[in-house]
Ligand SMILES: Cc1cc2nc3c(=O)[nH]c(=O)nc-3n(C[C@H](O)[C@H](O)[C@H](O)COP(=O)(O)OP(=O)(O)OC[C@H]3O[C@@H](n4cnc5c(N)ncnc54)[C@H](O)[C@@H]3O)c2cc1C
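In structure tokens, the next block holds one chain alone, the form predicted on its own.
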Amino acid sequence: MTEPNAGLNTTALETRAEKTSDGYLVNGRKIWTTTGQEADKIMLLARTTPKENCKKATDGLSIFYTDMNRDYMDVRIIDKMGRKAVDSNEVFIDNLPVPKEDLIGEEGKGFYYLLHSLNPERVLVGMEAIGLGMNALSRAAQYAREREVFGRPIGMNQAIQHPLAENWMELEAAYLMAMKAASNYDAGLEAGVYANAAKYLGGEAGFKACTQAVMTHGGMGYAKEFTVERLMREVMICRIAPVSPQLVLCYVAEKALGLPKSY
């Protein structure tokens, strides 16, 4: 879905799928494509009707599930600060032939199909951040119990205790919000506000806990030996993607509080 010149504005994507006698011909660029080095299939969002010919900007986008034919694709890996377990890539697509049977659902309705995946994705990312934060907090608390300075464990000092206690409360609260969002989604109830809130609260609480874990370890927090520096790198993506904290705040202000749309 993501493109270099579109980012969060999905309706501005430039990848085109033009009809042929037996399917489509796709040209364009994608970025942050996961496992592109390994995959033999790709789920691809492309514009099948020019934006200027659509009543709404969200119309005219279609989803394809097709072969990742490298004869027509140049897949370049992106070296990242974290999330090393899977590769992320930039994909250049040049005249990729796509059979018509690889179209998912109805042509031009791809954006609306995508909406069904956005809420669970936000819950998932929020929970990822919470898990990272809990792991970091556990490591920080253990270190604070064991590390002695001036003849006493550093965990006796309230300057160490209080931030870690805050981390625990914030992570637990974010977890409950994520469970609320997941429960609403499973029950077919309104989940958008809660899912966005879960992503925001999880991302912020996880980042804060991972950062505090590094600080609790002092100089050793900067050493790879104690893992917390890695957790701080890993949790960053949960704040950045799939939607920025600022856009979540805008969405919640509009949908939960009835304030005017600002974007």
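Just so you know, these numbers come straight off a predicted model, no measurement behind them. So that there is no doubt, residue numbering starts at 1 and follows the sequence shown.
There is another form of the same protein, the form predicted together with this ligand; it is not shown, and what comes next is about it.
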Task: 4.5 angstroms heavy atom contact with this ligand in the predicted bound form for residue 257 - done: no
Task: Contact label in the predicted bound form: residue 68 to this ligand, heavy atom within 4.5 Å - done: no
Open item on the list: Is residue 83 part of the interface with this ligand in the predicted bound form - any heavy atom within 4.5 Å?
Closed with: yes
Task: Heavy atom of residue 34 within 4.5 Å of this ligand in the predicted bound form - done: yes
TODO: Can you check 234-242, 204-212, 49-57, 217-225 and let me know which stretch has heavy atoms within 4.5 Å of this ligand in the predicted bound form?
DONE: 234-242
Open item on the list: Can you work out which of 12, 253, 247, 25 has a heavy atom no more than 4.5 Å from this ligand in the predicted bound form?
Closed with: 247
Open item on the list: Can you pick out, from 138, 161, 183, 88, the residue that has a heavy atom within 4.5 Å of this ligand in the predicted bound form?
Closed with: 88
